[in-house]
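We give structure tokens for two forms of one protein chain below, kept apart as structure 1 and structure 2.
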Structure 1
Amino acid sequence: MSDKGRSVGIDLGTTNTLVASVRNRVPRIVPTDRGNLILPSVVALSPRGEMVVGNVAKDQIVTNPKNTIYGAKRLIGRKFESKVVQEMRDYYSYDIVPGPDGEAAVSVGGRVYRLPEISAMVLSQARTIAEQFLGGPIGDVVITVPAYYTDSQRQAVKEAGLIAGLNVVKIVNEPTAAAIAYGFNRSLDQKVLVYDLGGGTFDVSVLQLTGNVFEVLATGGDTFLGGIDFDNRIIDFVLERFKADTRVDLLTSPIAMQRVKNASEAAKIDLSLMQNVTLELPFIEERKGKPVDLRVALSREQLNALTGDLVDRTFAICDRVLSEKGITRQMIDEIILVGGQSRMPLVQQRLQQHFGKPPRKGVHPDECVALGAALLAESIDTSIR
């Protein structure tokens, strides 16, 4: 570490942001002030008129949706008129408006914020968390971005870092950071496939690792395929079952829908460990003045049947990305999993069938991007001393 403070890596995610730093050559995630390892990438205008970040902001997503900005990563560095931004306008509850240079911006509480300003609030919070934990100002910072990001998206993230007062020495691709977490200082000569199935997006990349050189050979994905689609399948199933049993339609009740949504995601996560779960939501609605409870059983087998086509879609994308660059499945030496949804047993099972080898154990899907970024930040720091 140099005198200017410890280097950190930041995984600025669509849903969550993670900060990592290296101590005694081992990268570790920095815990937040609430003791969590993740900071929700959410910014909100509180009813008291303050801009708040993280869990406090996320907590008001249902009660104050117009003033709660999430998913900024999808908008940053894009033109307001672009197709993605126009699609997002229907999808998100907050107001997406044209910014000063024609880029997408957001309007909250009557004020227009540029996306780098919004991401800067998340980064600023990440910085405070790191400084509190590491006991002083931080030094060099590496921030990760998706491999498909254009120059203007990268520039916008860099600008967000500057607004947050960070010394951003590098913007690195997420799959590269994940591969660094796996192969740094291990003198490998391998082709590694990084399979990243997160909350809202799927990305696949193939990297060539040669010593400490990490080159992206192929990359692609789907910006509208992720954990949320798995949740939606469960939600539809639960709503249908509930309606068949009680003749009550929950679609018209936003509070009930939010509860079903949360319970569906929780059930999905539990089914990664267990074979059967029961979604139980007491007093979900009233019927003829009497409370109605929701109770729906779901097995892993049913979940697999409900979502198998989504998993298949990821493999169609993998095959396309590989074949575009003339890479065969047999040429892949290791598979690294990134993103919470990649923990689903069906995903891992199908990966093994598809590529003829199991994904690499020991690389943490949620943490490896931030850990790799921290290793890179530290190595840049040491190399320029």
Structure 2
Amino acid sequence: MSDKGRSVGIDLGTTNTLVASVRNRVPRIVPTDRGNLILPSVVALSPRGEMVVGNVAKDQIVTNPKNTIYGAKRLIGRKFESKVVQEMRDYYSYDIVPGPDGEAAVSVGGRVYRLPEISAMVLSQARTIAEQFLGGPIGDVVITVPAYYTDSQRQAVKEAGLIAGLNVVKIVNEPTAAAIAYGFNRSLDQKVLVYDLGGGTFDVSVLQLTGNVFEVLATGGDTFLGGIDFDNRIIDFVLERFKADTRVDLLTSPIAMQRVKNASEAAKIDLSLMQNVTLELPFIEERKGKPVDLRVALSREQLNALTGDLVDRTFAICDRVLSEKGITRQMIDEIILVGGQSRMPLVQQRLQQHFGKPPRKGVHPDECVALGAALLAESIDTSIR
């Protein structure tokens, strides 16, 4: 560690942000003040007029949608007039507006914020978490971005880090960081496919690992395909069943919708371990002056039927990325899973069927990107001492 503080890696995710540091050559995730390992990448203007970050902001996504910014990673560094941003304007509840230089920005509480400012709030909270846990200021920082990010998007992320008061020494591709965590101290010679199905986006990359050299051979993705889309399929299913049973439409109740959203996400996670769950939400709404409870059963088989086409889309992207670079499935030595949605049993089952080998289990899907970034930050710090 340099005199200026402990080096850290930050995985600035679409849905969640993680911070990691290296101690005694072992990388570890830095827990938040709540004891969690993840910080939701959400910024919101609270009813009191304060900008809040993380779980406090996430709690008001449905009840205060106009003033709650999530998924900023999809927008940062893009021009407002670009096709992607214009499509996203219908996707989000908050107002996406032109920034001072023609880039996409957001309007919250009557003020326009540039996207680097929004991401800087998340990074600033991550910095506070790291400094509290590590017991002092942090030094060099490596931040990860999707492999398909343009130069302007990378510069916007670096600017966000600078606004947050971070000494950003490198912006590194997420699949490269994941591969670093996977290949740490292993002296491998392999072609590795990184399958990254996160909360908001899907990315796939193929890397050649040769000793400590990591070369990206192919990359691609979909900025509109992630865990939130799986959640939405469950939400639609639950709302439809509830309306059929009670003739009550919950779409008109923001608080009820927030409860359904939280329960749907929890049910999805539970179905990775269980075959059947029941979503139970007492007193979800009133009908003719009487409270109505929500009780909807959901099986893993039903979830697979609801979301199978989303999983199919990821493999169509995989095949396209491989074919564009003349890489066959048989040439892939290992598959690394990244992102919480990659834990879904259907995803792992289909991966084994598609590539003829199971994905590598020894790499933590949620943590490997941040851990790899921390290892890289530590190596940069060591090399310049």
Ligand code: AMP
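Only the largest set of C-alpha atoms that superpose within 1.5 Å between the two forms is called the rigid core. Counting starts at 1 with the first residue of structure 1 and goes up one by one along its sequence. Treat the numbers as computed from the prediction; the structure is a model and nothing was measured.
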Q: Sort out for me whether 1 or 2 is the form predicted together with ligand AMP.
A: 1
Q: Quick one: spot the hinge among G110, R48, G362, K288 for the rigid-body turn between the two structures.
A: G362
Q) Roughly speaking in whole degrees, what is the angle the smaller rigid part turns by between the two structures? A) 7
Q: Having superposed the rigid core, state how many Å the Cα of R233 shifts between the two structures.
A: 2.6
Q.
After superposing on the rigid core, what is the C-alpha displacement of R247 between the two structures, in Å?
A. 4.0
